[in-house]
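Let us start with two forms of the same protein chain, each given on its own as structure tokens and named structure 1 and structure 2.
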Structure 1
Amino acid sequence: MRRILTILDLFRVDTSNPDLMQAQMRALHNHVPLLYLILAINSTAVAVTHLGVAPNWITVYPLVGLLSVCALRLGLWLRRRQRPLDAQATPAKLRATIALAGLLAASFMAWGVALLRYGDAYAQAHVLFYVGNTMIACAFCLAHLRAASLLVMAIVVVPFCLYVGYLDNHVMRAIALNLLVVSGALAFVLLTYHRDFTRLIGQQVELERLSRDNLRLANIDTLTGLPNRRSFFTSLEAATQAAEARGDGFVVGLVDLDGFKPVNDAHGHGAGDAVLQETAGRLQAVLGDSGVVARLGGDEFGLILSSAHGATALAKTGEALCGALAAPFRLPNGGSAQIAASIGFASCPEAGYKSAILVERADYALYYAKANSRGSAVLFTEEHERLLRTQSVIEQALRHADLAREMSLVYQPIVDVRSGRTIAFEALARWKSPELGQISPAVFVPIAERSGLITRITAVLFGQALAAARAWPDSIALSFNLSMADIASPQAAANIVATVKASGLAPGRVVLEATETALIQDVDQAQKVLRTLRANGIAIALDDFGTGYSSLSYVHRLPLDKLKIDRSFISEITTDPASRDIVTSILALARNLKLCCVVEGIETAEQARLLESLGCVQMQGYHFHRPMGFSDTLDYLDAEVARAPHRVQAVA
């Protein structure tokens, strides 16, 4: 019983394997038209040799009927080739094909048998040849549909052989035996072929699945599940092309988290990962279907806002995005973290149609936001375009500058107000470009930092500063400003130490100033570098203190000697109680951490008096002296020596 069922299975469509059915359908699309062509030509040839031999109602009429059915089916198959496969309808189509194959096989075979009774031995031999040959050709054309192929063979061979055996003609019997043997072999080959074909399709499907998975993985950020950088740029390219074709626009956004690194450093990578995942979710929640959110790497995210936003609508979206990220983040360890995000937008076509340019401009808007309004979104405008152009002019001039000739230093005294004596000079860079004239360090230093030129500038200036300091009395220190790139590696630290040693100036007279932003990019690295410097006797000052966003949490982790309170607190200290409170608390903090404090930007005697009453000792600012050239520092020091004793007496 079971064996019969297995045999019956050979004639069924395997509906449990949809991929196989699709592949069978595709193969039939190619082979079935060929089958009908062979059938038509072979049958017509037989009919022609029997014309006039057998009556027309046997030769011509049945054939016309059968060939009409074949022509209809051929038309259908040819039309199917133009259309995509319909997976739902495939099983029914395959079943219909099997049934029709059986029906046509039986009909043509019956027609052939009917013709056998007419004509001479040649004509009969032609019919035998026709039946066997055509059956084999059709079985081959249907090879991908095992059931149809076997059915055709069974329907033709079995009755045909029985009939021929019954005729009692030994030549015919021999031919029938030939056909039987060949059919048996063919059936065996077909069964093997079907098994291999099924296996091949299975492998193909698996391969396609794997390559789909690979493609998906290559385009997805595994941490957040968002599209990754590669996918973002592909989408962006598609968006620019679509916008250009349709003549409309869209907006590119770059999001950068402010204060992510401290969370990662202080709470561990698990916390950092959680923050990034949460960030992804919040960005998606705000944008919904109106945009794409991608993770570009680190704490940087990319946005593509599909609809052409007006400036006001975009500002609202920006506010909503920043607002969403300003809410506290819950950390896996139960704590929470406050993070903010700055966003740069560039809209297409206003900022360009090229994706690289759009990203560059969004990046500039982001940089602008970080420098001027942290925690907010900035849209790239014509004003930025103008700035960017100026900056690129400056960058070009800087690249081609003769640094040793064009760069110089001025020195601003840092005064101990108890003794009235200058204790140090801060070296401040000056650049006079032959083409652009005098350019402020507030302008060219950030450009040099962004373009990687700063280390060369530092090398030139540090040499000049050390030489100047050697001309001052031993009691006067040199305070020199460093950028992030200057302290980014142990090698950089070693270079600084070597330069100081080579200059002959006692390392104890050197103070290096770095901003918090420069130091917290990589706290571990900064700690190592600062330790090396301090181990060699060089002092470290944290510059612009109070302007960073995580100030207090970081000070105790960095090996520091000095804090320089940012001048933004000083300008309003006599009028704004909040500024006074901040300065008071920073002074208390410095005292607790046993750090020396310098207040900079003091412009009036009133400010100096107030700060002195709060306990400030070291001060710097226009009130004491503006930055001056090197030779002026020597006159200045001489003058100070001449007047200092009075001041000391006055204090005493």
Structure 2
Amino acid sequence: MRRILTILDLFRVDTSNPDLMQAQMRALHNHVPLLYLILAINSTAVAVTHLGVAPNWITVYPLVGLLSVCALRLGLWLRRRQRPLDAQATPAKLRATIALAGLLAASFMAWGVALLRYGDAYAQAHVLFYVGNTMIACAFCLAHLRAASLLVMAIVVVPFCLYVGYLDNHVMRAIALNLLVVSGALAFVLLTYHRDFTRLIGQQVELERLSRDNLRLANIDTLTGLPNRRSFFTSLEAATQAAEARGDGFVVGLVDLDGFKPVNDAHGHGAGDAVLQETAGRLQAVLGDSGVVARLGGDEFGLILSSAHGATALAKTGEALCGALAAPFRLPNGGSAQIAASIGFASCPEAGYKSAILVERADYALYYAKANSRGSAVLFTEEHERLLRTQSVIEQALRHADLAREMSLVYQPIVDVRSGRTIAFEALARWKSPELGQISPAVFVPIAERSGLITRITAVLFGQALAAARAWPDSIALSFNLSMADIASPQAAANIVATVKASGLAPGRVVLEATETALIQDVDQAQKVLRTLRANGIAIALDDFGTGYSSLSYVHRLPLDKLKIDRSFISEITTDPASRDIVTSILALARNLKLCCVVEGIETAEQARLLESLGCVQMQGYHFHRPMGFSDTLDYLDAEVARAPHRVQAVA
């Protein structure tokens, strides 16, 4: 019974394997038309040889009916080749193909047997050749559908060979026996082929699955599930091409989290990953189906808003995105984190139709947002275009500048108000371009940092500052500003130490200032660099304290000697209680951590007296003196010596 069921399974459609059925249908679409063509040609040839030999009702009429059915089916198969496969209808179509194959096989075989009684030995041999040759050709055309090919062989070979075997002709019996042997071998080949074909389809499906997985992995950010950088730029390129073809537009956005790195460093990478995942969810929740959200890397995300937005609508979208990211983030350890996000938008076609230009414009708008209105969204405008072109001109001038001749320093004193004596000068960069004239450091320093030119500038100016400091009394220190690039590696620290030693200036007279923004780019790396500098006797000051991402954890972890309170807290300190409270808190923090505190931006005697009453000792600002050239520092120090030892001369 089991063997019977196994044999019957050979003539059934394997509905448990949808991929195999789809492959069988695709193969049949290509091969069945050939099957009908072979049937038509071979059958017509046999009919021609029997015209006038056998009656027309046997020779012609059955053939016309059979060929009409074949022509109809051929037309249906040719039409289906132009249509996509219907997976649900495939099993029924395969079963219909098997049934029709069996019916046609029986009909053509019966027609051949009927003709076998007519004609001479040549005509009969033609019929034998026709049956065997056509059966083999049709079986191979149906080879991908095992049930159909085996059914055709079984219906044609077995009855035909039995009939021929009963004829009183030993030649025909030999031919029938030969046909049986060939058919058996053919059946074995077809079974083996079907097994290999099934295995091949399985392997192909698995390869396609792996290819899809690889493609998905290549285009999906595994942490957030969002499209990754590669996918984002592919989508952006497609969007620009479509927009240019249609003549409409869309918006590109770049999102950068403000304050993410402190969360990541203070709470661990697990917390940072949770914040990034939640950020992805919030961005998608705001945009919904109206845009694409992608993670470009780190804490930077890309947006493609699928349709053009007016400035008002885009501003509302930006507010919604920034508002969503400003809400507290729950951390895996049960705590929470408060961060914000800055966003840069660029509209197509206003900012261009090229994807690279759109991203460049959005990146500039993001940079502008972080520099001028952190935590908000900024749309790239014509004003930004003008600024960008100006900066490009400045950057090119910097690249071709004779730095040693064009760059210079001015020095602003830092005063100990208890003694009334200058204890240090801060070196401030100046640049006078032959083509552009005097360029403010607030303009050229950020450009130099973004273009990678800052390290060359630092090297030139640091050498000038060390040479100037050698001319000052040993009690006067040099305070010099470093950029992110200047503290990027141990090699950078080694270069600074080597430069100080080569200058002949005592390392203890050098104070290097770095901003919070520069130091938190890589806190671990910053720790290594600053420790190297301090180990060689160089002091470290944290500049612009209170304007970045100040936290006890950072101040405590970094090897610092001084905190410099930013001037933004000083301008209204005499009228704003909040400013006084902030300064008081920073002073208390500095005392607790045993750090010296320097207050910047003091412009009036009233500010100086109030700060002194709060406990400030070291101060800097126009109230004491404006920045001056090197030769003026010597005159300034001589005049200070001549003054009363505990009196500070105020200069408006």
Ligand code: C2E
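Treat the numbers as computed from the prediction; the structure is a model and nothing was measured. Numbering for residues begins at 1 and runs along the sequence of structure 1. Rigid core here is just the name for the largest C-alpha set that superposes within 1.5 Å across the two forms.
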Number of the structure representing the form predicted on its own: 2
Core-superposed comparison between structures 1 and 2, S613 Cα displacement 2 Å or beyond: yes
Core-superposed comparison between structures 1 and 2, T604 Cα displacement 2 Å or beyond: yes
Core-superposed comparison between structures 1 and 2, A588 Cα displacement 2 Å or beyond: yes
